[in-house]
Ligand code: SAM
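A single chain, nothing else alongside it, follows as structure tokens in the form predicted alone.
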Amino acid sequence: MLNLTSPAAVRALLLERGIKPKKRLGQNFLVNPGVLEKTVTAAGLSPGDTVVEIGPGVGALTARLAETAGKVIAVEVDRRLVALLQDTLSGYPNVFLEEADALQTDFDGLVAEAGGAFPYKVVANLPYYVTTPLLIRLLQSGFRIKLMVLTVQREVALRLVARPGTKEYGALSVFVQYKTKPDLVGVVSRGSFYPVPAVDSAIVRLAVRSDPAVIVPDDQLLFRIVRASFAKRRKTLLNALAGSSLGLDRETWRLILVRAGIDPQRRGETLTLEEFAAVARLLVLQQRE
């Protein structure tokens, strides 16, 4: 059987098929067996689980997932790799290949079509260029996902788990922590991939919350407040919100912040998720008055 964790074997396989990895698609294939094991372990798979894998590449991780989970649905946008995967994964009848763009795919529909179990898990070595929009889509679209184990650029991973007051903490941190319980599983060196990317990666485990971390009357309004608060990181929270498109004057924002127990001179990057939620709740009350 072909060793899909050998860079030389993967290089030879791609060469034989006339496939050159595309930089624009972020095609850096995971070839480190230790990282594969760490990913599968983090997903906590059992025969009753259905897994959606985004960007299976040459199938190294897919094969390990298939050995542990009941069903694996591998979503690949590159037609050349789909043809290759049909061969490399031919010995795994519980793998279902789908040629599709993950940014457009109905993942619940794919799982239902494959006869998979709900809720399901998502495991992926995400291309850097698509990480943020895809992550937001996975969490906003109401898909019945219970857990995600993702290999992403190290810098992005640190943002996902960042705490208030750190340089990594930003709007994406707040959004992900509102929707999930994130954990950093471990850093992955760039040498774990073929071809070797320019930066290191990291594995993050996102346990999707059954209910959001905080209660707000309008989560879209919460995210607008968060984005406005981080839009100008050097500005005080009061100045950032007063200069936003949320439509309130400076004095009204000052009163809302004071009522929330927040010093208007603080910066947005210091606020906890609960403090952002308090501002959102008071803003809704203000709009009703």
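Numbering starts at 1 and follows the sequence shown. In this text the structure is predicted, and so the values were computed from the model without any measurement.
There is also a form predicted together with S-adenosylmethionine; it is not shown, and the following applies to it.
None of V122, V111, A157, A102 but one reaches within 4.5 angstroms of S-adenosylmethionine in the predicted bound form through a heavy atom, and that residue is A102.
For the residues V75, L138, V95, I203, the 4.5 Å heavy atom test against S-adenosylmethionine in the predicted bound form is passed only by V75. S-adenosylmethionine in the predicted bound form comes within 4.5 Å of no heavy atom belonging to A69.
Contact annotation: L147 falls outside 4.5 Å of S-adenosylmethionine in the predicted bound form, judged by heavy atom distances.
In the predicted bound form, S-adenosylmethionine lies farther than 4.5 Å from every heavy atom of S229. Among residues of the shown chain, L81 is one whose heavy atoms approach S-adenosylmethionine to within 4.5 Å in the predicted bound form.
Residues within 4.5 angstroms of S-adenosylmethionine in the predicted bound form, judged by any non-hydrogen atom, belong to 124-132 and to none of the other stretches in 124-132, 170-178, 86-94, 205-213.
Heavy atoms closer than or equal to 4.5 Å to S-adenosylmethionine in the predicted bound form belong, across 214-238, to no residue whatsoever.
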